[in-house]
Each structure stands twice: as structure tokens, then as C-alpha cells.
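This document starts with one chain, in the form predicted on its own, laid out as C-alpha cells.
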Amino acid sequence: MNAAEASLVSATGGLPPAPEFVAAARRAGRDAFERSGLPGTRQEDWRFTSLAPLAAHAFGHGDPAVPVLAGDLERVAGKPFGARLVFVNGRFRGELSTAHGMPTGVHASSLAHAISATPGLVESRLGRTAMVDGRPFAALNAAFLGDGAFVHVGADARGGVVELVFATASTDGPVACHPRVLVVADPGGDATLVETYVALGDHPVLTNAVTEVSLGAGARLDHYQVQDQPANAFHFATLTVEQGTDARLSTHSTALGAALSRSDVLARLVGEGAEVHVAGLYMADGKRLVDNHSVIEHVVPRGTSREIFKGILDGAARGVFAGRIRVMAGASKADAHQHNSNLLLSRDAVVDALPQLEIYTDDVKAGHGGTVGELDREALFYLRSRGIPAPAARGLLIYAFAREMVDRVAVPALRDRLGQQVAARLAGGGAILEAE
């Protein structure tokens, strides 16, 4: 390992004692990361994403007890709209959290508490889908296993929202945190989970999150991830999902910040009739890079998958979309579609769009597509002819392009928050919101 890689795992020696199944997962994660190190651009899945800016920093382990004021947290994460669990540098902070509005049939706690209180339930699912071999950031996350969030959706759960807020806070230098989220939904359970990622402080931060979701037969989960970190942040998120018979997952990611961010979605439809909807909105300007990778595997018959991502890139920003749908042998009657649209606002903005299909069986409906374009000049001229200044007209068209993805959010308070966050990045954003 080089010095940057060694610094990332150096703090694992100071982790608190843990049950053997957690300690074993830590060892496996550290061993896998030491074997692979950080990925380079010679690797196919990373050929557009250089980690040189990340390697330029020596990240320490964030202090989970760092003082955080509730007002500062709300300033970056917004006000709660239901039950909210807050984690600072990967550790649960009860004084910043609220259980008010916890949905019936849903139990949410810190992962550390769940490991202590219900070790059997956690052990059977932890690390089951988030494999560490060949996945350096999942391996690095496993090396720091110990806390994060555990959400158990019982069979009697019938909707309701739980929000998890992960704040990475730096006080005296670059810090890293590696939160783990484990979601287990019993057969027939139904819930909504929101993950919000923010950062506090003036120093560079690294957030490396892994979310594992296990859905029983007929379970339903609406899932949202919102990343709105400052321009000196690095953000990596891995979502792994295993779905039983007739289970339904809808997951929606929004990437608005960070100097470099990457989202990996790995979903396996292992039960007949399972359904997954994967959506995302990403915005970047300056020299920022935002990368979205996904792999959806249809393993058994009659699975359905839908995937749609939209990107808005300005300045010298770069976007990457690499989505792969695999329909495995025997997964007949699969129905899979994928689309990626990108809006480039400058001559220097770049997007690499790589929609992919792999089909190994017959009797399948599948398709994919992608578009890359600029603002419609005729629409811009029309708005200008109605007396709207050029910057505001551009902002209105950009907002309309993004709004399709914002409107996919089924939680009204979150939808309003995302609309405000998008509008805040556009000329005339306040007027756009007033006119809605």
C-alpha cells in the first residue's frame, strides 16, 4: 500500500471490541483493501474517475464526539419531517436525534445497539450482499464496522418515513468516516427510508457509506439518498440490494455536492416477480466529478427493472453514467429498461454515458438509451421574447429538466427540500419557486 492507502486503514487498530462476526468482517475488509488498494483508471469500472485528488490528503479518523449544534445541523440537512436518527462521523448521536413520528412496525436504532440487542438478526444479514472482494470502498467500509444504522421493517409496517442523517465533521484536519446502514424488511412490510449526507467544518472530508437492503417476499421500500456536501468533500456510496418474491424497491439518489462523488447500486432480483426502480439526479459545476455506476441482475423469471438518471453539468465538470442490466440464464419474461439524459451547459463539460445490456436468455423485453444535449435555443429565444432575462431563462429551462426527477420523490417535505436545493443553484431560482 502507498501512504494514502495506509492512512485510510490506520485507524482500524483503535476500534472498540466487537462480537466475533463483526471482528471477522473487519479483518476480511481490511485484508481485501490491503490486497487491492485504491482503484486506478486502468480498471474498467474506474477508467473515467481518477482518485488522485483523494490520495492527495491524509485522512484521520473523525471524532464521533465532536461538538455539533442542532442549528448548524439543520442549516445543512434541513428540518426533520418525521423520525430522524443523526450520526456524526459514523456514530449515533442521540441528543441530535428524534424518535417522534417513528412509523408503526418500524424499528430504527444504531447498528451498534442492534449488534448488542439482536445479534442473530444482524449476523444473518450483515455483509451478505456487500461483498468486499473487488470492491475497495466496500472493503474499506467493512474494515471499520461497528456503528451506523439498523432499520427493521416489520411485517405489520404500512408506510411512514425514517430519515438517517450522516454528518462528517472536521475540526483540525481532513477526516474520514465509514457509515454502514443495514435494512431488513420482513415479508409484506412497507416503509420509506431517507439517507441524507452532509458535512460540517472547513477541512476536506471523506464519507464512504455502504447500505445493505434485504427485502422479504412482498416487502416494499421507498429509498432516497441525498448528498449535499461542500466542494472540499469526497463521497462514495454503495447500495446493495437482495429482493425476494414480489418485493419492490424504489431507490432515488440525488448528488448535488462534493468535489468527487460516486454512487454504486448493486441490485439482485432473486425472487420471481420482484421489481426495482433506480433513479438519480446529479448536478456538477467547476471541476467537480460525479460518477454513477449500477448493476441490476435479473436472476429468476418475471422480474421488472426501470432505471433513469439525469445529469446537469456546467463549467469543466465531468459526469459518468455506467449502468449495466444483466438478465441471467433462466430469467425469462424479464422486463428491463434503462435511460440516461444529460444536459451540458458549457463547452468544457463532459459526460461519459455507458448504458449496457447483457441478456443470456430468451423471452425478454429490454431496452436502453441515452441523450446528451444543450439547452433548447428555440425555447430560450421564446422565454427571452417574453421579457425574461437570459440568465433567468436559462435557469428556468434547467429547472424544468431537473424537475422531472424531483417530482419522482413521493415524500412531500423531501420533494420540496430538493426543489429548493436545485433552484438555489440556478439564476432566478427564488422566482422560479415562487411561480410554481
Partner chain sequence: MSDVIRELTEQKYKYGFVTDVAEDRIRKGLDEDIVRLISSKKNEPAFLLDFRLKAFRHWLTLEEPTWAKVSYPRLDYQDIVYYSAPKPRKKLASMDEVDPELREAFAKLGIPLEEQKRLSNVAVDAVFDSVSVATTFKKKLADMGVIFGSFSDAVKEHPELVERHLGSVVPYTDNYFATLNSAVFSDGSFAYIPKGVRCPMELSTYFRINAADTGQFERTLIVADEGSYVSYLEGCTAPQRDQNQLHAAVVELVALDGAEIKYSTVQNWYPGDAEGKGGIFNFVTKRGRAMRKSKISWTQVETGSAITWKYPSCILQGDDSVGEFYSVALTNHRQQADTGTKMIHIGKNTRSTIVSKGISAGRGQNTYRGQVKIGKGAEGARNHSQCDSLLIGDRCGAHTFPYIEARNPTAQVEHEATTSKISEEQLFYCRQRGISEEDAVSMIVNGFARQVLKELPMEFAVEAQKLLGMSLEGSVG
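Owing to the predicted nature of the structure, the values given are computational and were not obtained by experimental measurement. Numbering follows the first chain given and starts at 1.
Below: the form predicted in complex with the partner chain, not depicted.
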> Between the options Asp172, Asp363, Asp133, Glu95, which residue brings a heavy atom to within 4.5 Å of the partner chain in the model of the complex?
Replying inline: Asp363
> Using a 4.5 Å cut on heavy atoms, which of Gly154, Gly271, Gly78, Pro355 is close to the partner chain in the model of the complex?
Replying inline: Pro355
> How about Ser250: is it within 4.5 Å of the partner chain in the model of the complex, going by heavy atoms?
Replying inline: no
> Closest heavy atom of Ser346 to the partner chain in the model of the complex, within 4.5 Å or not?
Replying inline: yes
>> Contact with the partner chain in the model of the complex for Arg47, defined as at least one heavy atom pair within 4.5 Å: yes or no?
In response: yes
> Any of the heavy atoms of Ala217 lying within 4.5 Å of the partner chain in the model of the complex?
Replying inline: no
> So which of 395-403, 54-62, 365-373, 31-39 is the stretch with heavy atoms within 4.5 Å of the partner chain in the model of the complex?
Replying inline: 365-373
